[in-house]
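One chain comes next, on its own, written as structure tokens: the form predicted on its own.
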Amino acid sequence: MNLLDPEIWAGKIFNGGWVPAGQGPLDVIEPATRKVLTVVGLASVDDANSAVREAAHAQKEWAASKPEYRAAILRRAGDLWNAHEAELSQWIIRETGAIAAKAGLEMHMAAEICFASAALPEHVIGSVLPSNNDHWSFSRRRPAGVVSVIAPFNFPLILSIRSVAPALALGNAVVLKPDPRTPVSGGFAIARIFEEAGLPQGLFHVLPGGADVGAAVTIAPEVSVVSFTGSTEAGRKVGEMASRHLKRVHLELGGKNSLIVLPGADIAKAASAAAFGCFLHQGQICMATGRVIVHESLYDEFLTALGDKASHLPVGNPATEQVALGPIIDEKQLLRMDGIVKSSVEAGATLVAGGSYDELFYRPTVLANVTEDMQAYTEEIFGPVATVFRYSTNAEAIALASDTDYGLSVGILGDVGLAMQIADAVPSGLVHINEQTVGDEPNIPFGGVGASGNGSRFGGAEANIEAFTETQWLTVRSEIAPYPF
């Protein structure tokens, strides 16, 4: 039996149930074919305001429910992701342009995040505090209330469910605004899973929409916490709106991540790691390797090896072919990325491989001789583009990796002792030694520093409890206290 039937959501949103959208139908385009994949509803501001009101009403009973009840629903959700993996993976492949392995990763992570979240309702959520007064003093965590989740197109399932599942498990209601380019794998699939898992009506809402809907679910008075994943530019706007309305906001933003190849590193393995970090999902990952910084003793041989890999990686429709790279999400993103490549080459960068495209299929690209005045040096490209740099001393490698406003992920390949010294010197939320820059697990606190976000806040019990609950001080006496008034 299929879980996802397009007739369910034709022209609709999930606003406590499947209802007509305030702004009418929205075509969802398959990037590989540029044809209409399905038709959903486009939410309006009125839809958003209605959703947060209903969520606030439903949340009170949910927060008071037994921990084992909430845990059981999260476990059932995890089982359902596994049971429907084949069907749901096809939506991820076709809607996001993902290869099968990337779709499988999203499905696996969705299940594991739900299983990990199922432990949260019965996690320790308080402590006994010492006091100099004649009462018992406690600190306890209470559900925040309504959580707004705003998620992007690139890993739409993971980047939605990683906030949705723990927030629900901890007694909150959730309003999710997926990117309107990926509303099924980033939203409606989650709605159907939780419907089947038995989540009470009104606790979860899915509103594909534009910036106006994002603003509405950020500033609504019923919303206590905003969880945003996306570009740094958009994140600044969300953070500003949330702060102005005294909302807690968790921002996971962009990155200009470096992979440092130390002297003596295995060149073949290092080139493979770099290709994976630069080209996985067409480079449309916040953790993608933006700079490859190679010691001068390995530079020429490494550049040749990486260029050769880029030239031979197959690009095509992942729904019909065995390929390493699928399409870019849309023409706007492709033209922006290609513009960065072309402007850098015109300014003197060397095009080692790639730099061309057909429809939305962009060839894996390698640039050398990139200088700090070029766009490819400073900007997050968000495409399959590797920029390769030469360094002589450790200080030069550290300076290159640190010369960015971002601070999300760093990979260092080679001698572990030297790698640790460099890791200590580069500001970054994530550091991977002898691995490339892309990595995530359900139980790790994920996040960056600087323009990459405002700290670790997703993954693991402690980070999730901190993100989606409020601290309350509670005192108790055995009888009413005496007062001098």
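Start at 1 with the first residue shown and count on from there. Since the structure is predicted, the reported quantities are computational estimates derived from the model, not experimental observations.
Just so it is clear, the following notes concern the form predicted together with nicotinamide-adenine-dinucleotide (NAD), a form of the same protein that is not shown.
Engineer: Within 4.5 Å, heavy atoms only, which of W81, F204, F228, F188 is in contact with nicotinamide-adenine-dinucleotide (NAD) in the predicted complex?
Structural biologist: Looking at the other structure, the residue within range turns out to be F228.
Engineer: Could you work out which of P327, P384, P178, G290 is the residue within 4.5 angstroms of nicotinamide-adenine-dinucleotide (NAD) in the predicted complex, going by heavy atoms?
Structural biologist: That would be P178.
Engineer: Looking at heavy atoms inside 4.5 Å, which stretch does nicotinamide-adenine-dinucleotide (NAD) contact in the predicted complex, given the options 308-316, 358-366, 384-392, 237-245?
Structural biologist: Correct option: 237-245.
Engineer: Within 4.5 Å of nicotinamide-adenine-dinucleotide (NAD) in the predicted complex, do A211, Q333 and F446 each have at least one heavy atom?
Structural biologist: Every residue of the candidate spot has a heavy atom within 4.5 Å of nicotinamide-adenine-dinucleotide (NAD) in the predicted complex.
Engineer: Give a yes/no on whether E95 approaches nicotinamide-adenine-dinucleotide (NAD) to within 4.5 Å in the predicted complex, heavy atoms considered.
Structural biologist: It does not: once nicotinamide-adenine-dinucleotide (NAD) is placed as it appears in the predicted complex, E95 has no heavy atom within 4.5 Å of it.
Engineer: I'd like to know if G277 sits close to nicotinamide-adenine-dinucleotide (NAD) in the predicted complex, meaning any non-hydrogen atom pair within 4.5 angstroms.
Structural biologist: Because no heavy atom of G277 falls inside 4.5 Å of nicotinamide-adenine-dinucleotide (NAD) in the predicted complex, the answer is no.
Engineer: G255: heavy atom within 4.5 Å of nicotinamide-adenine-dinucleotide (NAD) in the predicted complex?
Structural biologist: Result yes; G255 sits at the interface with nicotinamide-adenine-dinucleotide (NAD) in the predicted complex.
Engineer: Heavy atoms within 4.5 Å of nicotinamide-adenine-dinucleotide (NAD) in the predicted complex: does P152 have any?
Structural biologist: Flag for P152 set to yes.
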